[in-house]
Every structure is written in structure tokens, then in C-alpha cells.
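What follows is one chain in C-alpha cells, specifically the form predicted on its own.
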């Protein structure tokens, strides 16, 4: 199996690094090394979700990547303390946001809250990466139906014309930060389920516009196998995106 598109390589910095200075040094080092790669690469070949406080500065210096947010609120502009709305992310330099990461869900995010986040983000024209993933697998395959229901609930407020800015990241919770990722074959069966759910919502033509990523213990050793054999259009990377050498290796390999 070959990749359908130029892959989307997305990093998630989570609560790192410690300072803006370290974040700026990372981006400048990454871009310098990216420029020196001997193979042909896209002008912009990576996406990085970073802490909100870093977005404006990093987006102004990043040459070869897109800077985005790790989450966004599902509220409209107004009198709510401590919330960031999509339009504010855009004006601060973000081009995309993650929504529904398992670590955010574990903090209490509900399906209704997630649905509002996704709808508002897409309406604001942010590239929106919806994260889904099962906590465990059962031999009967019931987790596939649960994942399909998750997709349908999370997109219940989204009109079909907005699906061109939607990306879905499959991150099995049991694989995040662990030693064992899903296999490309396990990933592929979930991709089929995701596209089935999307097709039921908006039809196959719109469903095809949605890129699907894999995340969960992605390393420089296994990254390409998910692109080639897992049926995905890119990767969502945690720890390996926090190291310049590892992240660059994945970027250049997958843009083969």
C-alpha cells in the first residue's frame, strides 16, 4: 500500500519545553537542519502543537513548519475567564489545533464539549485535528463501533462543507507513551471504521477529504510503516517531536 497524499507530520509538545528561549532554539535548529537535508522536501513539512503562550513567537520565526495549539475552548467570545477561543488562536499565529486528546478527555472533557470545540474551530477555519482512540481492545471488535460512535458524536454539529479542514488522529490510549504501538494492520482496520463513520455522516466524497493520522508510540524506527501499511495520511507524534534529531528523521523519512 502506498500513501495517498503528502503526509501530515504533526508533533505535540504537550507541557514542554520549560522556557520560550528553549522553544525558539528548537525551532531555529530544526529549520536549519531541515534546510540542509539533501533530498527534496516541501517548503513547509511539519506541524507542531505547542503551549499557547509560545504560539505567537514560534509562528513568527518558523520557516518550514506550521505552529498550532494543543487544545481550544468550545465557548464563544465573551465573559469567560481563562478560556481561549479559535479566533484568538488564529490572530495569535496558530494555523491548527488538536481537540479531544486522551489526556484532555481524562481531565473531564465531555462529548458535548468536544462537539462544540470541533464545530467552532472549523467554523473559524482552523485546521482541526480531532483525536480519538480506545482504552483497550476486545476480541469481538466492539471497540470499532465505539470509535465510530465517537466520531459521529464529535462531528454532530459540523456541516459537510467544513470537512475539508478536518483531520482525524487515531491514538489508541493503551499505546500512548508506552512501549508497544498498534501494528500497521491494527491501525488499518481502524482507518476503515473511521471512514465508514465519516461516510455515514456526509457521504463518501466528503469523507475522502478527511486526512487520517496515527499516533501512539511513534518512533523513527516505526513511523514509515504506518504511512506505507497502516492506511494513514500522516502521524501525530508526542515524545519524538520533542527531540530535534528524532523529529527531523521522521519528517524526512515520511516525505520520502
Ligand code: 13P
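On a predicted model such as this, the values are computed, not experimentally measured, just so you know. Positions refer to the first chain, counted from 1.
Below, we turn to the form predicted together with the named molecule, even though it does not appear here.
J.: Is there a heavy atom of residue 230 lying 4.5 Å or less from a heavy atom of the named molecule in the predicted bound form?
T.: The answer is no: residue 230 has no heavy atom within 4.5 Å of the named molecule.
J.: Decide whether residue 22 counts as a contact residue for the named molecule in the predicted bound form under a heavy atom distance cut-off of 4.5 Å.
T.: Residue 22: no, not in contact with the named molecule in the predicted bound form.
J.: Test of understanding: in the predicted bound form, would residue 141 fall inside 4.5 Å of the named molecule by heavy atoms?
T.: Flag for residue 141 set to no.
J.: With a cut-off of 4.5 Å between heavy atoms, is residue 217 one of the residues that contacts the named molecule in the predicted bound form?
T.: Yes, residue 217 lies within 4.5 Å of the named molecule in the predicted bound form.
J.: Among 150-158, 105-113, 173-181, 133-141, which stretch has residues with heavy atoms no more than 4.5 Å from the named molecule in the predicted bound form?
T.: Looking at the other structure, the answer is 173-181.
J.: Who in 220-249 is close to the named molecule in the predicted bound form, meaning a heavy atom within 4.5 Å?
T.: Those in contact are 236, 237, 238, 239.
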